[in-house]
Ligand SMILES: Nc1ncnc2c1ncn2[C@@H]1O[C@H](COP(=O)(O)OP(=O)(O)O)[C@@H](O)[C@H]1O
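Just one chain is shown here, as structure tokens, and it is the form predicted on its own.
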Amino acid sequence: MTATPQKSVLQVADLHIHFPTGRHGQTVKAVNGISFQVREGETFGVIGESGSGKTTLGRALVSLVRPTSGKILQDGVDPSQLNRRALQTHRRQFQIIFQDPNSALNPRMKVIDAVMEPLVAIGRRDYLAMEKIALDALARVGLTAEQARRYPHQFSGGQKQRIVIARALTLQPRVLVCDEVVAALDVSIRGEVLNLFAQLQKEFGLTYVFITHDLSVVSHISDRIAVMYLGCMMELGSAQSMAEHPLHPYTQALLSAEPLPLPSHMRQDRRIILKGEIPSPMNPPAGCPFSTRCPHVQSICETEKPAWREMEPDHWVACHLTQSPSVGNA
């Protein structure tokens, strides 16, 4: 893991992203009021169940989705205030890698052309210069010039993901949002791709926002981890503090569900079973989003949304009960 620098390359303040449904003015509250910062050079992990809003957040961080309200600053710049030409230039520094490399690559386009595509999109016209940049990027991710002349169907899933990474590198970004980038890969390939990300971060000084539902992945690669639930951020802290001393009941439940590579007689019965269903994002609870499933719920949780508080140095949590010994020791 990298050292924790202080300069922020992404600043998010009270971010809301709502999508209209067409049903009597109802909206899906995909992201519902979150605030945090991503520091230069770090790997910022975002974890949560399906439907928690983490993918929508990732798209918003690279200006693919416009905020309904709130603000995102990219290296101190509000992209929503830029005109089209200025935005096209600015957003090159903030790229995203999607989960499925098969849908990210045109099956009728050779790999070399796919990797050059971002350069063409920004108006580059010197084919030989673009080809050199693309081949250099492919070499960085372990692919040869001969492989660059092939089509995507001739590659494995791990190789396709390397191609997508190479394509993002051609624009020399400062920040890469990685949305479930190893979820579709075999376990044997997953480690190779994660090691590649670590090498590229060291070589280029990249900042990662790593979105995943896999606890083992996010705890292995992240400097800090944010936990999302129903469009809200429940907890944020260093990977070590989150693993050793989670403060929010939802984080504790997630960690208790992580499989342990131990014989059954050596495991402790620590699993926290959450009852009930995740509420609809069209009609979230009035108080804490987790109040309908929390094993420690109290009356205040159902009526008042908890404040986002720094309970320990660089460890934030949104919970009315974080000072309760019964919650801290769950």
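Throughout, we count residues from 1 along the sequence that is shown. Model, not experiment: these values are computed from the prediction.
Note that the form predicted in complex with this ligand isn't included here; everything after this is about it.
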Hey, in the model of the complex, does residue 55 get a heavy atom within 4.5 angstroms of this ligand? yes
How about residue 295 - does it come within 4.5 Å of this ligand in the model of the complex, if we only consider non-hydrogen atoms? no
Find out whether any non-hydrogen atom of residue 61 is located within 4.5 angstroms of this ligand in the model of the complex, and reply yes or no. no
Is residue 285 close to this ligand in the model of the complex, meaning a heavy atom pair under 4.5 Å apart or at it? no
Partner-facing stretch of 301 to 309, 34 to 42, 47 to 55, 287 to 295, counted where any non-hydrogen atom is within 4.5 angstroms of this ligand in the model of the complex: 47 to 55
Restricting to 16 to 36, the residues within 4.5 Å of this ligand in the model of the complex through any heavy atom are 19, 28, 30
